[in-house]
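As structure tokens, one chain now follows by itself in the form predicted on its own.
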Amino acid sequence: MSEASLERGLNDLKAQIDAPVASFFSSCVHCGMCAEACLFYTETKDPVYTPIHKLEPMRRLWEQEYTLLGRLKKLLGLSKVVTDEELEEWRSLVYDSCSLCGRCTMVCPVGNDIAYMIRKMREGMSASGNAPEGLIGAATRAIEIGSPMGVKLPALQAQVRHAEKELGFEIPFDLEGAEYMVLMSSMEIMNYPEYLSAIAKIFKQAGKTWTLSSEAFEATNTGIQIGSSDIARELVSRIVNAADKLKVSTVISPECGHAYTAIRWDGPNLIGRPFDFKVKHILEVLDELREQGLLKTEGFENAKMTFHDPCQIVRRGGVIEQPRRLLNMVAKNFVEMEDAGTMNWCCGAGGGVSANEDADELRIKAFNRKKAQLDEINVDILVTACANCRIQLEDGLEINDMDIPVVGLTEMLAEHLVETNKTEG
């Protein structure tokens, strides 16, 4: 990289040092507690994976540019200058070894939001040309095609036709005035088409109007993962425009963690205004239907099962009790993993890690933390509510020769629905 390009890159990184980041660096007491909260550290014992260490180039820039001591150290040559080679070296730490799960944030004794800081670091890395090729490709496809996996509308329409043939009723597209607009992730369309059928069955029983949008069906937001607010804003805007056009009351985020974060929590800030509709995760909607008596199930699963809490949905989104209330409708032998709920361990594939081929070996190693949780309770079925988690869980279980089926909670509920004639009767 030329000197001019490096200067632009460092300026991009410095631009991300906002007031919260500066205050977090100022208050860090270097206790190292965040290390024991990070599965990339606990499963490797390599100190480079300590969460706060992953921010070292940004910390040094902050110190050199915005503190008196740092400026003096820089002037005297006592503080190492950040180079492009160092940023390239840090790429693996910022992208390969962080799923943005936020567990480190939960244990910080001074309340520093380390996951937020990593997000800001990624913004600078992305702008300076230091993002992984896998995420760059996914982000490019999301902008140009509408899906990070290259899924186009005809692929979804084909899945819809297949589901309609199986269900015997129509799945609506572009229905104006519907109560719900349902989003999908590419992984659900390509890997778990049963999710769409489950949604259709449940809303049919509940008597709710809903629709898919032909203009914005993809929920996955690669802008959040790669660290580009511009890309994130564009992808959120497509959903907002489609929801406004169809005049829906609620947009439903699917079983996908970062999709939920992007549209529910970051969305209004990204586009600079409140939404004219509500945003809810599918588990929130299903729990509301349960409470209203509109989600009617029969029979129970006798197998011993547990629930994997997706980080963005549970820890950073607060959807904690809903999946457990829903599981209790259909499961007789439900047990919790150690550290379940808010402090549950990440699957190891979120935050764009699964889309980053450079991280594959480390991602599988990080799964050992989830393996240890599962070994302690010896279950027959593993339930979750995130398609990205589900793929990682299936990969990790297969590699470790663990014969545990992984199922989505929405699909499990749909399998236990009371038949329509019984409901009407």
Partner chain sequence: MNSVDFLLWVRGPGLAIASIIFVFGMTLRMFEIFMLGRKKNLAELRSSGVKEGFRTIITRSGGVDTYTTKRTMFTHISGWVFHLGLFTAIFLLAPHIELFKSFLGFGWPALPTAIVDLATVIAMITLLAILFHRLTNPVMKFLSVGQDYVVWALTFLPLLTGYMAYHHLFFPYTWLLGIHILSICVLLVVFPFTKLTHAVTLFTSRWYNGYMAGQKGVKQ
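Residue numbers count along the first chain shown, from 1. Keep in mind the model is a prediction, meaning the values are calculated, not measured.
Not on display, but discussed next: the form predicted in complex with the partner chain.
Of the candidate stretches 291 to 299, 188 to 196, 277 to 285, 149 to 157, only 277 to 285 has residues with heavy atoms within 4.5 Å of the partner chain in the model of the complex. Taken together, the three residues 41, 105 and 314 all lie with some non-hydrogen atom within 4.5 angstroms of the partner chain in the model of the complex. At the 4.5 Å threshold, heavy atoms of residue 77 stay clear of the partner chain in the model of the complex, well away from it. By the criterion of a heavy atom within 4.5 Å, residue 36 is counted among the residues contacting the partner chain in the model of the complex. Remark: residue 174 does not count among the residues lining the partner chain in the model of the complex, judged by a heavy atom distance of 4.5 Å or less.
For residue 381, no non-hydrogen atom is located within 4.5 Å of the partner chain in the model of the complex, even though that partner is not displayed. Residue-level contacts in the model of the complex: of 328, 214, 342, 83, one residue has a heavy atom within 4.5 Å of the partner chain, and it is 342. Of the listed positions (10, 17, 414, 404), a single one reaches within 4.5 angstroms of the partner chain by any non-hydrogen atom in the model of the complex, namely 17. Annotation for 15 to 37: interface residues with the partner chain in the model of the complex are 17, 18, 19, 20, 22, 23, 24, 26, 27, 28, 29, 30, 31, 32, 33, 35, 36, 37 [heavy atom within 4.5 Å].
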